[in-house]
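One chain follows as structure tokens, the form predicted alone.
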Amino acid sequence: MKPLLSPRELAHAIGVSESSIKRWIDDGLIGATKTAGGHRRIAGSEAIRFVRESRSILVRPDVLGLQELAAVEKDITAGGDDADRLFVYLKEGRAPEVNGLILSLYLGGQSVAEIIDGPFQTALEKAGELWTKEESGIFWEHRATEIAIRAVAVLRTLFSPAADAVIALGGAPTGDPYILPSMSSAAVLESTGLRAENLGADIPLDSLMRAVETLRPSLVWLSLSVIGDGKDMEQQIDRLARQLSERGVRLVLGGRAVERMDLLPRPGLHIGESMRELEAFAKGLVANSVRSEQAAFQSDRETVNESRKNPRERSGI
């Protein structure tokens, strides 16, 4: 995706006039900045947001750097529902079509969480069964997983969290080699406006805690696909939850291995069963952060107003 667009480029991409784009910018419908020479520039992530929310039709996706969408549109052989198509693309190693289909679902209005919980998960589950049905199944499965990982990476490029965005930090613990679940969690979190720091697979929880002390996140997630010594992992997670609670940091657990664990309830510990739950939790966190900022701003404004009413107090007289 192109990082910056001119109004003319966005106009060409969605088939409208350049003057319409400029008017929508002036009306606040599209966010834009200005160059030193006074020319408007639109961030690629903002262009995607506008296309998605306005239900605009991308007549020239290549202008936005989304050539993968054209690959899907030209595929006249595809049949079945979205999950079936995605599975076929994954098995056949058709990475552009995988990226294009996922992008088209997002631009069509589905959330990242809905895509991952729905067709993405269904297609990957079918790919994961290939090794039991075909001699070359392991090859198909591994290639499909690699393509899926790259597709999630492409999806994350659609979002540009603000520099002061709420930070989320996470990964998969020691002994868990799966990369994709944690990457998917990061994509969901960034789609809600958080800044996600994904530490990847097989991360020792002590190292995760050191990262917490450095980055000071408001949320920590753990993706648990497999666990070795269940009791030891339960104790480690309980210790992590206690340490995070003491710092006011929320811990969210997810993954197919969580249901096999017997975890103690703790303040700030949340267990989710889907990406939609993670999305809802993140949206609540963002909303609370906005309300806190608004309350702080209101308090500062009231203090300033009060000091203006009492100049003698302000000057210490």
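Don't overthink the numbering: it's just position in the shown sequence, from 1. Given the structure is predicted, the values throughout are model-derived calculations rather than measurements.
This next part talks about the form predicted together with a further copy of the same chain, which is not shown.
A heavy atom within 4.5 Å of a further copy of the same chain in the predicted bound form is found for exactly one of A127, A211, V166, M233: A211. Comment: a further copy of the same chain is not present in this chain, but in the predicted bound form one of L264, M261, L29, I271 has a heavy atom within 4.5 Å of it, namely L29. Residues V88, E277 and G284 are none of them found to lie within 4.5 Å of a further copy of the same chain in the predicted bound form, as judged by heavy atom distances. Although the partner is absent here, T157 lies within 4.5 Å of a further copy of the same chain in the predicted bound form, judged by heavy atoms.
Though the partner is left out of this view, I203 does reach within 4.5 Å of a further copy of the same chain in the predicted bound form, counting heavy atoms only. Remark: R239 does not count among the residues lining a further copy of the same chain in the predicted bound form, judged by a heavy atom distance of 4.5 Å or less. Using a 4.5 angstroms threshold between heavy atoms, R247 stays clear of a further copy of the same chain in the predicted bound form. Distance between the C-alpha atoms of G28 and D164: longer by at least 3 Å in the predicted bound form than in the displayed form.
Relative to the shown form, the Cα atoms of A13 and P96 move together by 3 Å or more in the predicted bound form.
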